[in-house]
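What follows is one chain in structure tokens, specifically the form predicted alone.
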């Protein structure tokens, strides 16, 4: 990577901002709604309240609840509202984190340290997760020294609870369920998993980073949502992202525990530092106050009525999109998704080529594997674009029928090649080297 020094003299405010605006020209224009991942779009009105609250706490640091007591109050209230939404009671506690990966990391760390006392026979701790659970679980286990046992999903793309039960050993300390799964939008059989966890004294975490702020409202609207939250006996902890269907600013997530006895294993303290006693609740030391304030503001601005309205729009749009996809020859939606996330697959059309074709028309839709499919996360804003998307999807599906693999984009070729590698460690090595080359100064 070439060397880059600080500019000898500072640039003007206008020049700095102009350069930033120019650099954004190559970014995806998410505000137009033509992408189905990464951004959860509830419209400018909701974004503006988040933006104003964010700016009010732009410089504040949540590391010290004594210096900024308002941040502690905001965090505690966000956690309490989230817990109530997810079937918690007065005993339910939690912490605000920077995102779903940190929430998952803290849950693994907490379960590991709990198990050292509650499950001392587990000398080499293991977690059991279905193949559809997020890779953040593998990442956290890698950092924290747990072995991951991966179990299959059923034909319905939900976790196979029986396979998980059969995989339990004396070293198993936790099992993982998702509500919803990112690849296919499914709620795992949490009730069955709760029975298994309770019978074996095993920690059960429900990863609701994606579904935590949509499933409760979808259920209130009368849709069929399987039980998934703290109301299910056996659920020990949960994670739910506010920067997804909570429509808060990035990065805002929560990790929740059924009581404070579990949460205490999350905290870290060091008393022998000359700078004073050091104690932290989550992974980070300095904690940006702005995302906490923005999350609190959006939750109070929308309230239950606002979230229900947005959920209704998102669900009606999702149903329209799913019905539209299934009506296009040779395309289908995988399984029966429970809410606003689904995957598009085909036995006859190269869906990676389909994604490339859609990109030429301005749509950004992610590629997935095992099986090859395309990911769709529906936001309320997509109600404005559903007809246009379905029209372009049908045209692109016809366009790519019988396409020569040599005509695929570099991204599609790489994705297809990595998905087909029988040696998965080689695929991981390839991805690592790709990232190592990607983050270079141009």
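Note that the structure is predicted; figures quoted are calculated from it, not measured. Numbering follows the first chain given and starts at 1.
Another form, the form predicted together with a small molecule, is not on view; read the next lines as being about it.
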Exercise. Okay, which stretch from 237-245, 316-324, 289-297, 72-80 lines the small molecule in the predicted complex, with non-hydrogen atoms inside 4.5 Å?
Worked result: 237-245
Exercise. Since exactly one of 210, 365, 146, 258 fits, which has a heavy atom within 4.5 Å of the small molecule in the predicted complex?
Worked result: 210
Seminar exercise, completed: In this chain shown alone, the residue from 281, 138, 346, 101 with a heavy atom within 4.5 Å of the small molecule in the predicted complex is 101
For this session: Answer for residue 134 alone: is it within 4.5 Å of the small molecule in the predicted complex, judged on heavy atom distances?
Result: yes
Exercise. Are any of the heavy atoms in residue 180 no more than 4.5 Å from a heavy atom of the small molecule in the predicted complex?
Worked result: yes
